[in-house]
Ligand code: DGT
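The chain below stands alone, shown as structure tokens; this is the form predicted alone.
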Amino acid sequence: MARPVSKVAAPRHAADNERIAAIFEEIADLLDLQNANPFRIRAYRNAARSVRAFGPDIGGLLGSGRELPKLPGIGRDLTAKIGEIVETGSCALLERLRKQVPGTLVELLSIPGLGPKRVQHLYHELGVETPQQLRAAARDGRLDRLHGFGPRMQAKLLQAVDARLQTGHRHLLALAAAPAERVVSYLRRAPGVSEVSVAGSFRRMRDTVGDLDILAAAADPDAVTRHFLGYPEVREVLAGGPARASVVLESGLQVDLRTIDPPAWGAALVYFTGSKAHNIALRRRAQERGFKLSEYGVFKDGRRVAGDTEASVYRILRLAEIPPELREDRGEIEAAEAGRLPRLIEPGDLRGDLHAHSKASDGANSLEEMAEAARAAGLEYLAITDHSRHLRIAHGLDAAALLRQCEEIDALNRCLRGITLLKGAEVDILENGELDLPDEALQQLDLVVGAVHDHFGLSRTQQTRRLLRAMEHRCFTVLAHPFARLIGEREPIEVDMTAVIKAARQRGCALELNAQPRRMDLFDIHCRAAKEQGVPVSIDSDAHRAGDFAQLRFGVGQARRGWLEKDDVLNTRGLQDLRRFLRDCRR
């Protein structure tokens, strides 16, 4: 039975599921810092998980006048708060808690290793309430006074804080996507606008973005600026002029708008998409041919001769149009001149996903729910790769539990239509390079995804030896998130990726490009290196809930930055061809 929720006829803030879940998590964090009732805290954390696991967009659902279905752990009070968030972009409880707790303490909670109890100790005993203050306290020895902050913990905290501060104010690509799409949709309704596009590093699909650059083409820039400054999600206006404006959204993302004269649209889009190195190379090429290239167009003797479209800019410079993801001055101009640009992989080319979790370990959904979500995402097969026993925090499976899951998958495959589940496991690569499950269990699987989840501080030589030994195992199929990084939280492990790629080619196994937004791992340059060595790359969601298959598009963006084509990617193959690869991998 559907739960009633106050009607939201036209949500002004169009909060997506991620934003609703993030608000519930922040409420739980703030309550935790206040030593509130543990059951109340747990209710908000469970609600966040339920919202993330719910596939349909809640904002769109309520905005169309429909009711919110019953979700696990969400009663009348939380349902009402969801309606409040969709309508206003926040909720009164969150705003009240923010006034009661220093906001910087919540930022400390996002640092790995710091829970509410440790943050309370730091704040009350040392006066530490910012990452910068934590770094200073770690460096001058003041953390020695606190129970639970031994040398190893201090070293981990210092590494995590340094990584966070080096990242600066950049945002994960995937988390910037929904706000970007909403702003673009809003600007398309501005009077006289003929074109709107996100530019900058977002358009080039960098794994993180700083400010969001948006271009609009219109003859009346004042009207566009007025419309833009009226956007409901604007928290602060930084600047507003006739052709440009800057605002900060409620999410903390800064958006810079430039309104372009339509005849210069293409040249402006090239210029503001970048990268800087690519633009410099283009301008040099234009000068060599007697042209002047700027964001206003391509000029010859003071007359604009191209610039209304991007294609016209590249065409007059005798180049094929270069996809935005390749514009990094890494040989793309030479390839465009010679007609050797790759036919980059498209999201629709993916036919399966080889890395996903169920609630048997740390996922949120059942096998059947994950299968149905993968089918709804357009996939033909899905590998269930729950964690192995070594990763206790993720409730990893031992050999017996894994074999029981294999039987469940076999039974489920007899009933499923339009999707096939593959039997797999994400098996920990131990410090010595051994795999975390016995051979008898691994041999029952269709594929083994090996991953590093600990001992991140090994030397380059030790870490490389560890991976190479794991890859030698006859059941090994895919090296998951090879650098084990978490953007802004944990630096990549030190590893000789040239040696790893060479070993993968000789062994006949694959490397993963993990599309989880905090990972985005492999790096683009290593995707390209794998391509050049003939090593297949598997673009996987690392899905932990039904809605996570949407992350695959960001992995595809990273793959495009790495010059990957359809045939370079393992999971663009049909199921029969994939099974052949999996069999060959074990020979």
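These numbers come from a predicted model, not from an experiment. The first residue of the shown sequence is 1; numbering continues from there.
Unshown form predicted together with ligand DGT; subsequent notes refer to it.
Between the options Arg469, His395, Arg283, Arg142, the residue in contact with ligand DGT in the model of the complex by a heavy atom within 4.5 angstroms is Arg283. Only one of Pro131, Gly274, Gly83, Pro116 lies close to ligand DGT in the model of the complex, with a heavy atom inside 4.5 Å, and it is Gly274. Put simply, Arg170 is close to ligand DGT in the model of the complex: some heavy atom of it is within 4.5 Å.
Contact between Pro492 and ligand DGT in the model of the complex is not found at the 4.5 Å heavy atom cutoff. Although the partner is absent here, Gly200 lies within 4.5 Å of ligand DGT in the model of the complex, judged by heavy atoms.
For the chain shown alone, Val196 is not a contact residue for ligand DGT in the model of the complex, no non-hydrogen atom being within 4.5 angstroms. Only one segment in the set 173-181, 234-242, 206-214, 471-479 has any non-hydrogen atom within 4.5 angstroms of ligand DGT in the model of the complex, and it is 206-214.
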